[in-house]
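Subsequent text provides structure tokens for two forms of one protein chain, presented individually as structure 1 and structure 2.
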Structure 1
């Protein structure tokens, strides 16, 4: 689950990281009052709150929003009101939102903070090493995306012990890598410790502070922040569940969540229903080998019934990108015959006018296949995952 910048900064500040003074605003008038409360004379930073990076280099679809991006430096209250009014309700398009963009429903009004040096700081779960990795880069000349693509050796990666956290030795190495002045060492150590505390306490998957800034007195301040929380751990953090912004969540994803499913969309043309993220990733690779790409996948997990399965199929079928559906179920906790009943129910309600390939393996597989054969649906049964990937790609091509 992604959260907004202002929410991420609040979590970081609770763990000792310095942030500029700021307030959220939903109207231009609220933005004006917020500006006066965070800085009497300005200037101010006006920031569109959408869950996307690259907001500064983004553009608005509506002409009334002007030529500026989603982050703007404003020097007068009058300009701040007009800028806020033009941005609110407009659609901001960035490299991460896709061409549809996101509607700006709120702004973060922040006191402008002058810094002499900026850098990127990130923390993420490294599944290959079974650890948390700290990532640092000097962003004076290039943004972090350019560095990652062109000069990955200019990113420092340090494995962090989950019990100990960043050590003084690691902090020293990182400070030397970033060429920080000695007056920043203490603040930098507290900064890294604050990131780690925030990461662990909230069971995050990723934290990015981009940029972090070094002020004249040497203190480190988070000028921007992005945090992704682990959905599966939210039951232990009910206070973080309230941070979810359904306004930015795709309707199909919301419906899937209602049934306890996990749903993700991509840029391909094949919809997949699976029971396990590992199965989804394996199927994605097989589709690519056969010259196609995934449009979305729905992970039905365990504890499902025929009604939930039918609902899941309808969610997939309503995605306009989907030109074919493959259902790959490894029956353990999920009974294959329940999946078959759900397929029949969904076909009766919405019709199946696109290719459908089904592969069952596990609990009640034979019963499930017999149920589908008797139903006479226009679907194709596959014998394994490779067979399913080949058949759905071939069927879509033939239907075209």
Structure 2
């Protein structure tokens, strides 16, 4: 689960990290009040609170929101009000939101903070080493994604002990790597300790402070912040579960979540229901080999029953991109006859009029196949994944 910048900053600040003074606003009037309370004379930063990076280089779909991106510097209260008014309710598109963008429903109003040198600081679980890793990079010439992809050796990576946290030796090495001035050392140490404390106390999977900046007096300040929390640990952090913003999640994904499924959308035309991420990936690869692309996959995970499969089909069928559905379920203890019942339930409810390919492996498969054949649905049975991919692509092409 991701949280908003202002929420992330609050968590970081509670653990000793300096942040610019800021306040959240849902209306232009609130933004004006917020501005006055964080800085008497300005200037101010107006920051769209959507859970996406690259907000600054993004653009709004609505002309009324103007040419600017999702982060704007304003110098007068009057400008602040009109800029806030134009951004609120408008749709911000960034490299990460996809073409549909994300509606801006709240703005974070911050006192503009002057900094000199800026850098990237991240903390994430490195699954290969099963450790927490601290990442630092000088982002003067390139953004962090470019560095990570094309210049990975320019990122300093330090393994952090889960109990001890970043040591003096490590923070010293990090300060040297970033070529910080000695007067920043103390603040930098507290900054890294603060990141670590936030990471551990909230059971984060990832924290990114991009950028962090060095103020005139040498202090380190977090100018932006992104935190991803471990969903599986939220039961231990009820206060953090409340930070979830349902508007950030695609409605179908939200619905899938309620059943304990995971759901992802892509830009193809075939919807897949699978149990397991590996199968989802392998099936997507196969669709591609057959000249088609995936529209979405729904991972019903592990055991599947009648109600789950019916719910899954209903979710997928509401995706307008979907022109055909593949159900590929196998393994553990799948009762194929129950899945067949679920398919019939859902088909009756949504009025299945697009090709449906079903492949399953498990107990009572023969019964299930007979049930499906008798139901008179427009469905095709497949004997393995490769066969399923070929059949769905072919029948979608034929139905066009």
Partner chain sequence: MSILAGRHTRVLVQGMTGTQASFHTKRSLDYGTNIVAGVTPGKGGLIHLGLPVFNTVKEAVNETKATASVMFVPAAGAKSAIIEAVEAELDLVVCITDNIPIRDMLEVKNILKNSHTRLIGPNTPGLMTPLEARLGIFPENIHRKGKIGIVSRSSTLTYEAVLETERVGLGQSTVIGLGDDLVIGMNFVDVLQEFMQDDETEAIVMIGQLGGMFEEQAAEWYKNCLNRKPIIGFIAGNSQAFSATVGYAGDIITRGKITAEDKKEALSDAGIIVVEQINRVHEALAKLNLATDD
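What we label the rigid core is the largest C-alpha set whose atoms superpose within 1.5 Å from one form to the other. Positions refer to the first chain, counted from 1. Predicted model, so just to flag it, every value in this text is computed and none were measured.
Here the chain coming from the form predicted together with its partner chain is structure 2, while structure 1 comes from the other form. Remark: with the core as the superposition reference, the CA shift of residue 391 between structure 1 and structure 2 reaches 2 Å or more. With the core superposed, residue 16 shows a C-alpha displacement below 2 Å between structure 1 and structure 2. With the core held fixed between structure 1 and structure 2, residue 275 has its Cα displaced by at least 2 Å.
On core superposition, residue 321 has its C-alpha offset by 4.0 angstrom between structure 1 and structure 2. Once the core of the two forms is superposed, the Cα of residue 370 has moved 7.1 Å between structure 1 and structure 2.
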